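Read the single chain below, which is given as structure tokens and is the form predicted alone.
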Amino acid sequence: MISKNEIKRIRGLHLKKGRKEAQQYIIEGEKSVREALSSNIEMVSVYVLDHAAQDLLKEGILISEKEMKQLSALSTHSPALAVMKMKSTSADYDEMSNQKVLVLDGIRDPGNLGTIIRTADWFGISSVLLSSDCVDLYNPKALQATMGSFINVDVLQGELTEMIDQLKMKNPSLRVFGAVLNGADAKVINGSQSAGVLIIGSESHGISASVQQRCSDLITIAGKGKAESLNASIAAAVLMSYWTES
């Protein structure tokens, strides 16, 4: 059973303001809920439909289709939904300055953000920095698009110029690659050193001027057709493939 007040409270987590105030968020989908259950993230509650997988039925509170539709932030609800506590993540610039760090500037589409985080996880990139005007990681559609990879990737959101400056202060030799429309061939990052920063901007606006000023290298994915630009998540995937190639 789930009360009307609990439904109302969980629906409040659809909004960024509600998530921030409660320090909680929702995830949907059997795969994502299962991975969250096996992680060290603190679980608040799990809600399932009667046709959910048996392992989730044991963990969750059984609710009706109508109630799940009320809880869900997606157009098509799944058989499982969980409410999680936000983990407190602080920036360890000493550690990050010796890693490959992906930076996203102005990515506002939650599907793009989630897909990029999932791709970063695939390529073994464990730290992602978001500008303050990016959509937040805990947006339900962004979390859904990560397919559980949000558990494996540390995501920090804040003032990008300050975060990049901190990384460069810790490691003055750090190369900062910025993806632009008119730069050097992006393959210059093939097999580059183990530490570095790769910055991806939005398809419509690119990297902001203040962030671009902090780039040591401006790079471009060479195209052969007539399209003006690449979707941000596609560009990120191509560049991460080059960047992590040994």
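All values derive from a computational prediction rather than experimental measurement. Don't overthink the numbering: it's just position in the shown sequence, from 1.
The same protein has a further form, the form predicted in complex with another copy of the chain, not shown here; the description that follows concerns it.
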**OP:** Report whether the minimum heavy atom distance between S233 and another copy of the chain in the model of the complex is within 4.5 Å.
**Re:** yes
Original post:
Quick one: is Q23 in contact with another copy of the chain in the model of the complex, heavy atoms, 4.5 Å cut-off?
Top reply: no
Original post:
With the cut-off set at 4.5 Å between non-hydrogen atoms, does V238 touch another copy of the chain in the model of the complex?
Top reply: yes
**OP:** Classify G223 as contacting or not contacting another copy of the chain in the model of the complex by the rule of any non-hydrogen atom within 4.5 angstroms, answering yes or no.
**Re:** yes
Original post:
In terms of non-hydrogen atoms within 4.5 angstroms, which of the given stretches 89-97, 168-176, 70-78, 148-156 touches another copy of the chain in the model of the complex?
Top reply: 148-156
Original post:
Is it true that E35, R118 and G124 each have at least one non-hydrogen atom within 4.5 Å of another copy of the chain in the model of the complex?
Top reply: yes
Subject >> Any residue of 174-190 that, in the model of the complex, places a heavy atom within 4.5 Å of another copy of the chain >> reply: L181, K187
